[in-house]
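Next up is one chain by itself, shown in structure tokens, the form predicted alone.
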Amino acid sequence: MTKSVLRRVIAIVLCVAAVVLIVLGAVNMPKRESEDGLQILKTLRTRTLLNATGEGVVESYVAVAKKEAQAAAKAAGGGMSAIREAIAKAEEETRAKYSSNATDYSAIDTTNLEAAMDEYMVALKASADCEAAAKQAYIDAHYDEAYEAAKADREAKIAAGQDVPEEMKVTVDMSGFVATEEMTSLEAKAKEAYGLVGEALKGIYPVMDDNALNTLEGTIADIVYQAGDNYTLQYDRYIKAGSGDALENKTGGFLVRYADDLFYVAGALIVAALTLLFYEVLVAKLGIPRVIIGLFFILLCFMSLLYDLSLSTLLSNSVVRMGMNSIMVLAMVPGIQCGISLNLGLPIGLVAGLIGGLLTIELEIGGWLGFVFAILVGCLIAAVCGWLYAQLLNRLKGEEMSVTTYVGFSIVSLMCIAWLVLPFNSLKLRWPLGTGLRNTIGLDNSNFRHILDDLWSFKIGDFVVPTGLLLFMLLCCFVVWLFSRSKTGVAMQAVGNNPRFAEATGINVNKMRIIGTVLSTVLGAVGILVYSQSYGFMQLYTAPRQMGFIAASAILIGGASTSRCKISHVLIGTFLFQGVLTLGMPVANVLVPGSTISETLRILISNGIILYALTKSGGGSRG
């Protein structure tokens, strides 16, 4: 059997399995809202409640036995010592008797209890919803005041040189909140409904007293209803409590609970089947790295659904990270097109952009004016440094990858010294004690924090669309695309494709390489400012060191090579790379809590893709 035939057979098996799962999901999903599905929850809830009240029942039996022992000892004329011994013996015997006996749940009539719990659940939900609405109204009324206080505190900490978190946390003081009349009324109804549950429990356990019921009220309330409850949350809570034995058809309950997950698994199987069927076409069109990364991204999407993570929120974060990183990835395009290959000396442009941002804070230029000023200053410095950098690369043709890597690391090391001696005086920039700039410079509303992210942004459910950020990204991509279609851009690409042929046609090879290098460096300066405004901080010292490798990895994942690239490679590669990182972290935390798997994956993907591209490039040159 050939590999092609084997792949088809496996694909057919996967498709059949997917169809079976889809049918099972379609049959069982509606049951969540049907009488059968609700009865499953009711059965589990009742068993969980009976298990939880068992301890209270034992305590009630113990209390009764102790009273009877005390009365009997007194009637026998015993002294205090005899009474204490009688009470202790009664307690020990009663606990041993009722704690060791297994409850025969089949002999218990729970009809009244289930009806009382249904009414109690409705009352608890109404009370919880009313309380949540009242508290939210209070928060909305006092949010502006809390926001101004948090803003002032944050600015004071930044001015004092203290590190602050990326997101400003606004907390409304709830000490002044007073329960509304509606809340009080609904709480009273919930209390009344709990009384019915208590009466039903007394009917099952006549010995249970009011003290035991009062003690168990919080436990029973948590069993019956919790804020945000849905079918899966309730099912999981009851199963975790050990009530699965209450179900006569455990498989049926399992299928109803995981009906939606059956669809997700079926979708994953279909994707796997299609990949096997069109494997050769996909590899030929996309290349092995992009196929692997793309499938891994799709796998993470399905896993996030399986683990009940918010996929829309994660995808929204992926889009934001794509926008904040894309300009730095775009900076690789002119470098590849002009023939210097992957511009791993990108930190030159990043440092220039950081200087522009620091000057904005030093001169206290805020808002859009500050952002534009930072870009203009950063681009000017980047252009000068990029020209000098290009002169070096022109003198060392053929060794660009080694030179760009060395230059990138060198400029970061040099700036680690410069950040300590540059004459900045703003308290937002300097350490509160000693000399030099702080490692992390916090941005706020007084400069250009989230100036693009918040521009025309809107939400679709949990998905936040950063319109301004995406438009700026597309604008930069469009400008580079237009330039690549210009006479100079075409000449530059000719140099990158075949420098000897370009020189033979009269193109100044060195000039085109300088233009491409300068443009790449300038885009790096713009990119770090876009990244910083979205991130909320500017990071100095060693932070820019790895950004060139990350940008190179992203564009290679998108389908570029060390000699050819397109704008589409930037967009696809950045989304896949950042998407894998964004989805990988929460999924990894669920699989292995507290692990660093996501960071390990970033390193493996980043360095592995670059190594793969270099081996392909080397093989091509040798051929």
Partner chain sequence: MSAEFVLEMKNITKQYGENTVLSDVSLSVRPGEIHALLGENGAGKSTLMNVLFGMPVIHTTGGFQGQVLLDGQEVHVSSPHDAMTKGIGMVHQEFMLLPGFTVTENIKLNREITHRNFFSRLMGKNLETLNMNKMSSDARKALDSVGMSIDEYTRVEGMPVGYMQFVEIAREIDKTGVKLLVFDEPTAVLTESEATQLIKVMKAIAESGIAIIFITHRLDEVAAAADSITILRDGKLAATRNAKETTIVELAELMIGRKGEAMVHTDPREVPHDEVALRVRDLHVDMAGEEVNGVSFDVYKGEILGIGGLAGQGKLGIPNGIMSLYESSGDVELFGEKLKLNNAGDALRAGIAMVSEDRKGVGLLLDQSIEDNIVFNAMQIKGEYLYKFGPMTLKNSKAIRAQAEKMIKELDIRCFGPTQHSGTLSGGNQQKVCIARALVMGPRFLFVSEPTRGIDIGAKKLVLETLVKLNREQGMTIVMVSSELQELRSISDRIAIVSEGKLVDILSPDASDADFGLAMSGIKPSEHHEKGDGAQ
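Numbering follows the first chain given and starts at 1. Note that the structure is a prediction, hence the values are computed from the model and not measured.
There is another form of this protein, the form predicted in complex with its partner chain, and it is not shown here; the text below is about that form.
Participant: Quick one: is F483 in contact with its partner chain in the predicted complex, heavy atoms, 4.5 Å cut-off?
Facilitator: The answer is yes: F483 has a heavy atom within 4.5 Å of its partner chain.
Participant: So, in the predicted complex, is T215 in contact with its partner chain at a 4.5 angstroms heavy atom limit?
Facilitator: No, T215 stays farther than 4.5 Å from its partner chain in the predicted complex.
Participant: At the 4.5 Å heavy atom threshold, is R564 in contact with its partner chain in the predicted complex?
Facilitator: Yes, R564 sits close enough to its partner chain in the predicted complex that at least one of its heavy atoms falls within 4.5 Å.
Participant: Residue-level question: is T360 within 4.5 Å of its partner chain in the predicted complex, judged on heavy atoms?
Facilitator: Output for T360 is no: heavy atoms all beyond 4.5 Å of its partner chain.
Participant: Work out which of L427, A96, V490, L376 lies within 4.5 Å of its partner chain in the predicted complex, going by heavy atoms.
Facilitator: The option sitting close enough to the partner is V490.
Participant: Just one of L262, A494, A86, A272 has a heavy atom within 4.5 Å of its partner chain in the predicted complex. Which one?
Facilitator: The option sitting close enough to the partner is A494.
Participant: Go through 545-553, 231-239, 294-302, 499-507 and give me the stretch that gets within 4.5 Å of its partner chain in the predicted complex, heavy atoms only.
Facilitator: One stretch meets the cut-off, namely 499-507.
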